Each structure stands twice: as structure tokens, then as C-alpha cells.
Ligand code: ADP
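Given as C-alpha cells, the chain that follows is alone and in the form predicted on its own.
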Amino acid sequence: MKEIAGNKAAGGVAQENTEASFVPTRAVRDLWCKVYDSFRGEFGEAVFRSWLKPLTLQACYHGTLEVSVPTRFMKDWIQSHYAQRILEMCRAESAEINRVEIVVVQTASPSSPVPEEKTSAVSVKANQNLKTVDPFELSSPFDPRFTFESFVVGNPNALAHAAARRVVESGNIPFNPLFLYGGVGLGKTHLMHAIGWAMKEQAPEKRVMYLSAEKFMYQFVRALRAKDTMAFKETFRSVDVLMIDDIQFIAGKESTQEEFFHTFNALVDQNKQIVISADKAPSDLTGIEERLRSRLAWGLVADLHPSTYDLRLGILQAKRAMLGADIPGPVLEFLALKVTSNIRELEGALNRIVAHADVTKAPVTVESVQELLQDLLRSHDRRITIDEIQRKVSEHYNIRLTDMHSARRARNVARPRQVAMYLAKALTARSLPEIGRKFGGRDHTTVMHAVRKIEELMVEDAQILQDVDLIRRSLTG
């Protein structure tokens, strides 16, 4: 194999490995072409067009196959999600391949999986015209797990779910934009993917683009550098449905906000649907221009509240059915009570239990789950005590600490006491009887009632939700 003279300087872009680069042999080129051609069947059309199509063979040295992509964002995504499987596919063709190295070469051609023989892999001019980019290729792939059918509906997310359904099922634009907001792991992204899948099924002719605000910003910056913002505008304004996830990430990015503002107006004028998600309501987004915040609130603003016990239990039951796992009801109830931070963590805990049971073949009990998930269950308990919770709640509501243990039933005392019980269950690994004993020797059923009552009020009463959130933040800091 021959060394490529000056390959690292081609196109003015330095490759990321420090070893000498070598021209791939015909056998390596054939191997890569065979693997590349099988990507569609292995990963699906959407993944191929969104992520894997730009992969270009660069070099082969010491068992390492070096391939390139045009951006670091794309490199990181492929590295995290597909690189291991690509290596396995390469090794199936040749046992001599022991590593696949992904490098960033900004001028690599996205349409040619291998470089011309005896020439540099960087064979196309920089700043490829964006007019060749199809909106489908810019759109991020939809996760097949995230559909309306797999979304468990409860009081905290009922409005957001109904609104997302309406966007798909309505014959016109019911509200523009649909703005979904809530904390991490509450279902915003799930609903956006569900809209995408339903649109593809019911109206396949529509051009649906879904991407993060970060990727929107990257595409805009790329267009600026290529001096081709007109192509960028044409691409984003030719869609029928534009969905932007985590819009808060363009905070402070004035140029990106300016372009998104005009894109937003153009799509609304054309009666095209816009769906936006964020971690806060439009009025609470900091670093976002006032005129843009105003437009984000034009349509329907739907929030996803923290999950209740009943919703968490329903999600676990649905997940159990989907996995076909034999997990006893008391174990699900235990998880629903203990893992309250977000749905992702809840599902992750169940996945750990199922995987452990599959490997060990041991029966699943509440006791075995406590042992298996002790790192998760005690992560907050190591820092937070029930005494600390009682003190913080007493300070917040301006009541005496002794009221936490007293028999007083006045509402101005009883409600804060219930809040403290709820937080004790949410933030510590203590059992219901243990918590009851810390509140003046109360029965575990009293604690259970308090937990359920506060969960209900967090959905119905915005003040209670705000109080609980403030106290939780002060405790977890």
C-alpha cells in the first residue's frame, strides 16, 4: 500500500489520527462498498439518509479502517449509535479489520462511499451547494419506540397528548405553533416522534422535518460559511411540518434566532404546521428575543407535568407488556413510588431488572430489586434526610418544625406535612412505615394518602407544583 503524500493537507482539513494515512487497496475498497451497500437493509432508509450516507472511505492502516463524515456532530452521533455495528459488519467481511475510526473531513463527498483510486479522498470542492440537500436528509430519524400507541396518557400529560393527536388528525392547522414544554424525561420528544410517525402513515406525501435546535443552528452556520443562505431558506421553508426540539438551546444566539424568526413567519404565512419543544414555557425562556417568545406563544402551549404515581405505574405496566417480562405487580408499585425523577430513569430501572432476571433466572422480588438498584435508590438518600426535608418544608411554609410530628390537623399545618411526606418518599429510600415513624409515629397508610394527595394537587394546583419544585431544588441543589 502506498502512502498518500500530503493527504492531511488536502482541502486544508487536518485528520484526527496521527498515524500515516494509506490508500485503501482494491480489496479494502470492495469490502467497504459491500458494507456500505448493506447499510439500508441493516439500519433502515431513514437512518441511512440522515446519518450514514455521507460516510466515505479514507484510508486503511494496521487493521484500522478510516472513514469520514463532514461534521463533528455527525461523527459523535454515529460513534454513539452505529459505530459498533459497523465494525461488526466490517469484521464479518474481513477478520483483519479490528477498528473503525471516524474522522471529520468537511469537504468529503456525501454521495461517494469510496475515494477515487490513487487520489486524495478529499475530491470535491469545499462549501458544497446546499441546494442539493433534501429536507428528508436533514431531518433526524424518528425512533420506532416513540409512537402514540406506546405513549401512556395520564393527568400530567393529557393536554399535550391530545394536542399532538389533533395536529395529525385535523384536516387543517388547529393551532400554530404547538408548543410542548416540561422537564427532562416527561415525554416531549416522545410526542414529537409520535407526530412524525403518524404523519408519515396518514399523509406520506407531506414533507416532515424534525431536528434539534442545535442542528438547526449548525445548518444555518454552515450556510453562512458557504455564503449560501438562500439555499438554507429554501430548504427549511419548503417543508409542510417543521418540528424543532429543545428550542432553548438557541438562547443567546442572535443570528440563529433572527433566521428562525423569519422561517417561523414564512411557514405560518404558508399555513404550514410548526411544533416546538422546550424545557420552559415561552414566557420563561431566557436569552430568547421578546418578538420570538411572543410568536412561540401564538398557538397552543401545552405543558407536561411531573408524573404521578398512577401514571408511573401505568407506564411500567405498559413497558412490562411490551417486553413480555414476568415482573410481579408489587415490584412495579415499588418502582412507581421510588423512582420519581423522570420517565427515562424509571424505564431504565425496569430494563435493569428485566436484564438481571434474564441472566440470573432468579425470581424478581421487592427485596432483590432493592439490592439491584441500591445505587439508584440511595443516590439522593446519601445526601438528603427526612429531618432535612422537614426543616426545609417548615421554613418554606413558615410553620414550626414540631408541627411535622404533632397531631394538629389545621390545613395550614396538614398540607405542608403532606408535602414533606411526599418529598421523603420521592427523595429518600425509606419505606412507608419508616417515614410514618419520622412524622410522629403515623401509619404507613397515612403516608401513602399524603403521597397520592400531593401528586393529585401538583396537577390541579399550580401553586403546590411550584412549592414542591422549589423545595425539591433547594434540597437537591
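A residue's number is simply how far along the shown sequence it sits, counting from 1. This is a predicted model, so every value here is computed, not measured.
Although not depicted, the form predicted together with the named molecule is the subject of the following passage.
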>> Can you confirm whether Gly41, Phe48 and Ser139, the three residues that make up this candidate site, all sit within 4.5 Å of the named molecule in the predicted bound form, judged by heavy atoms?
In response: no
> With a 4.5 Å heavy atom cut-off, would you call Gly196 a contact of the named molecule in the predicted bound form?
Replying inline: no
>> in the predicted bound form, is there a heavy atom of the named molecule that lies within 4.5 Å of any heavy atom of Gln390, even though the partner is absent here?
In response: no
> Looking at the partner-bound form in the predicted bound form, is Pro174 within 4.5 Å of the named molecule by any heavy atom?
Replying inline: no
> Is there a heavy atom of Thr340 lying 4.5 Å or less from a heavy atom of the named molecule in the predicted bound form?
Replying inline: no
>> Given the stretches 188-196, 403-411, 332-340, 82-90, which is the single one in contact with the named molecule in the predicted bound form, using a heavy atom cutoff of 4.5 Å?
In response: 188-196
> Which one, Ala362, Val184, Ala321, Ala95, lies within 4.5 Å of the named molecule in the predicted bound form by heavy atoms?
Replying inline: Val184
> Looking at Ile327, Ile315, Leu267, Ile288, which has any heavy atom no more than 4.5 Å from the named molecule in the predicted bound form?
Replying inline: Ile315
>> Please check whether, in the predicted bound form, the CA atoms of Pro54 and Ile276 lie closer or farther apart than here, given a change of 3 Å or more.
In response: closer
> Do Thr71 and Asp143 move together or apart in the predicted bound form, judged by C-alpha distance changing 3 Å or more?
Replying inline: closer
